[in-house]
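One chain comes next, on its own, written as structure tokens: the form predicted alone.
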């Protein structure tokens, strides 16, 4: 392991307990003058969204006013996600109503991208909506390094990821796409990025001046692409990562992970092409074929997965006008 990477791991890896004193954190926030937005992207999350809003609002807005706004950006839920979130005090938005001139695309990355335009914070902290053991550390543990370390721009979460099954909790697991796809890819082409424990984690806090300057895939590849783009423009030193101990979430089927991997590979290879690193790769196809046993036969399923991409927000005229650029 390179000395640079060893040094980065030692200096830029944090534990949430370092920031447990939230009064001190609040003083530091006031000293910097920065504002903070918490964004929760959703699609049919009525089972968990209410608890997240209650805990974040009571602890991080009312008890310690670290967060200036809490917003849910939704892809078009058919359950009561938005009603539940609103009833507990979150600002709620349908992604299609934000920047309507740019159209609406379905995908988590679309919600994250449109949040840059809609929310006001100098720092945006993204937290997934399916966390069963939600705690304020999922926000303050990520925001804190940005308040104390001006050279850090992008802070990723990592944790132990036990899986929630109907029978209970399996003590270890999760992060399967990271370990069998993304980590090997980074090891081959971007060895310095292997210092990130969980590059695909859905919780991260980022400075606005970084978010508005990077493109956003709207699908599975958004986290991987972010890391490659931030690394290219700002280098390894821009990253931080915080140990949040444990994150309990629902299990995903292997076939779903296959679709996720297919989308991530599209984004990864697309980025390599953009950076002039693709060599002689042939044209990529966007159809994923999967097989599933049904009775005594195998049933084929074909999925078209296209990793469309939004441009950097700073290139959108409506955003430039809103921000006075």
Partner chain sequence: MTELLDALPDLRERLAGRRELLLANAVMFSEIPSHTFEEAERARFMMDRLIEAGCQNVSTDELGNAVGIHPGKTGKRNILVSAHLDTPFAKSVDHAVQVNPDSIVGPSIMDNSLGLAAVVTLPTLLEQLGIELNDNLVLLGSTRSMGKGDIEGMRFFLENNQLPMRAGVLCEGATLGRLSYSSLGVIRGTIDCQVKRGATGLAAGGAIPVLNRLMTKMLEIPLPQDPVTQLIMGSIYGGTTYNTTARDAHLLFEIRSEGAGVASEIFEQIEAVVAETSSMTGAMADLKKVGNRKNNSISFNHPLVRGARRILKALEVEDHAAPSTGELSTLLGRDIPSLVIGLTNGEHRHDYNETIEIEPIFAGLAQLITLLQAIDGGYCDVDEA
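None of these values were measured; they are calculated from a predicted model. Positions refer to the first chain, counted from 1.
One more form of this protein exists, namely the form predicted together with the partner chain; it is left out here, but the text below deals with it.
- Heavy atoms of residue 132 reach within 4.5 Å of the partner chain in the predicted bound form, making it an interface residue.
- Using a 4.5 angstroms limit between non-hydrogen atoms, residue 259 is distant from the partner chain in the predicted bound form.
- Contact annotation: residue 64 falls within 4.5 Å of the partner chain in the predicted bound form, judged by heavy atom distances.
- In the predicted bound form, the partner chain lies farther than 4.5 Å from every heavy atom of residue 228.
- The stretch from 239-247, 80-88, 93-101, 121-129 that comes within 4.5 Å of the partner chain in the predicted bound form, counting heavy atoms only, is 80-88.
- Contact annotation: of the candidates 284, 287, 275, 54, the single residue with a non-hydrogen atom within 4.5 angstroms of the partner chain in the predicted bound form is 54.
- Contacts with the partner chain in the predicted bound form, taken as any heavy atom within 4.5 Å, map within 11-33 to 20 alone.
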